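First, one chain by itself in structure tokens, the form predicted alone.
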Amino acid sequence: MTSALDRLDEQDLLDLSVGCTVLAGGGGGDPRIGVLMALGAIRRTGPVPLVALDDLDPDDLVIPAGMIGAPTVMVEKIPHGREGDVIRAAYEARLGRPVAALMPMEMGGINGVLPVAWAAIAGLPLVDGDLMGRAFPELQMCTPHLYDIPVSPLVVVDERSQVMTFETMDNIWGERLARNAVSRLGGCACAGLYPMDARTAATPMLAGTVSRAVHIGRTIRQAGDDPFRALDDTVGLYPLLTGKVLDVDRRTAGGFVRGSAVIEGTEKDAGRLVRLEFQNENLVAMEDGEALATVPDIITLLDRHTAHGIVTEHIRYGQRVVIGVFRAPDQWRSERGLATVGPRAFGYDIDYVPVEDRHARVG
């Protein structure tokens, strides 16, 4: 059990960014820009309070937020830093009541750390939780969708502070309309979604995930010579292959990064080839036409030496890596969870098999 933090300081933020690369499953965007923004904000305002929903009034308004679009675009089309304030103002004007706290929409890449900057700038606490426990590419792939909680009003903000608010008939249409708008804005933008009071958020929210990501980053930082065993002791790591990147096919289309990477086995895995296929996040790991692992379990390419996660836009030829898999949160393993984020939700005619049923852990 991870001890819950009550605030995030500079070191916590750096550990959080590493933990988010591990939990991201290759997605969520490069965290470096978000880290720089959050460091600057914390140095101006001090550590950011980290709260549980129980610390809030049940009627308090909580806004999950983050970036949406193609991670390859986020590397160059960076936010200006005030998007959190613009999202907050849009919701307060729309709903007629103050925002009490922000929350990361997902625990991956830049989306795990950018809300820290927004909370610091807005003078708001950050809720210790998120709506995925990892990263997924589409807006209906958030836990509130499993409980018929609407994504609307959905607020999209770009770096020019242009605001679009969507009231959609369902969450699938929310994803479609927001994705089209983001494509028109250049491929990425920031968003607030699934506005909820604290009472409502208690059901879908995956609690404690910010503290968990910080703990993962801290464990890797303090692990010494064997970060993989330390990572296994902390979250349970199922390694599929140790190798090097042999080929990468990556393209930006329709507001996503799509493609694949081929990993050639080395060391004890010499002679094997495993192919990762991704849509922002890694979706499946295939060997000889058979699935070794699939979503919703978290498939992350880990640096062979540091155990830091590698996001899909930074996969490069020759990198020495370990393909690691982590258990998905239980909500995604339910019947409705698998219908939303299982392999068939991404077009694969493959049955989901939990990673622990196929593979052994490091230890």
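Numbers for residues come from their place in the sequence shown, where the first is 1. Being a predicted model, the structure only gives us computed values, none of them experimental.
This protein has a second form, the form predicted together with another copy of the chain, left out of what is shown; the following refers to that one.
Exercise for review: Spell out, yes or no, whether the shortest heavy atom distance between Ala181 and another copy of the chain in the predicted bound form is within 4.5 Å.
Suggested key: Flag for Ala181 set to yes.
Review point. Taking the shortest heavy atom distance, is Gln162 within 4.5 Å of another copy of the chain in the predicted bound form?
Key: Gln162 belongs to the contact set for another copy of the chain.
Practice item. Check whether Ala93 has any heavy atom within 4.5 Å of a heavy atom of another copy of the chain in the predicted bound form, and answer yes or no. Key: Looking in the predicted bound form, residue contacts with another copy of the chain include Ala93, since a heavy atom lies within 4.5 Å.
Exercise for review: Decide whether Arg176 counts as a contact residue for another copy of the chain in the predicted bound form under a heavy atom distance cut-off of 4.5 Å.
Suggested key: Looking in the predicted bound form, residue contacts with another copy of the chain include Arg176, since a heavy atom lies within 4.5 Å.
Point to revise | Listed residue that, although another copy of the chain is not shown, lies within 4.5 Å of it in the predicted bound form (heavy atoms), from Met196, Ile121, Leu185, Leu241 | key: Filtering the options by heavy-atom distance leaves Leu185.
**Study point:** Candidate from Glu167, Asp85, Asp247, Glu264 lying within 4.5 Å of another copy of the chain in the predicted bound form - any heavy atom
**Key:** That would be Glu167.
Point to revise | Which of 231 to 239, 128 to 136, 282 to 290, 168 to 176 sits within 4.5 Å of another copy of the chain in the predicted bound form, heavy atom basis | key: This holds for exactly one stretch, 168 to 176.
Review point. Which of the residues spanning 11 to 41 lie within 4.5 Å of another copy of the chain in the predicted bound form, based on heavy atoms?
Key: Not one residue comes within 4.5 Å of the partner.
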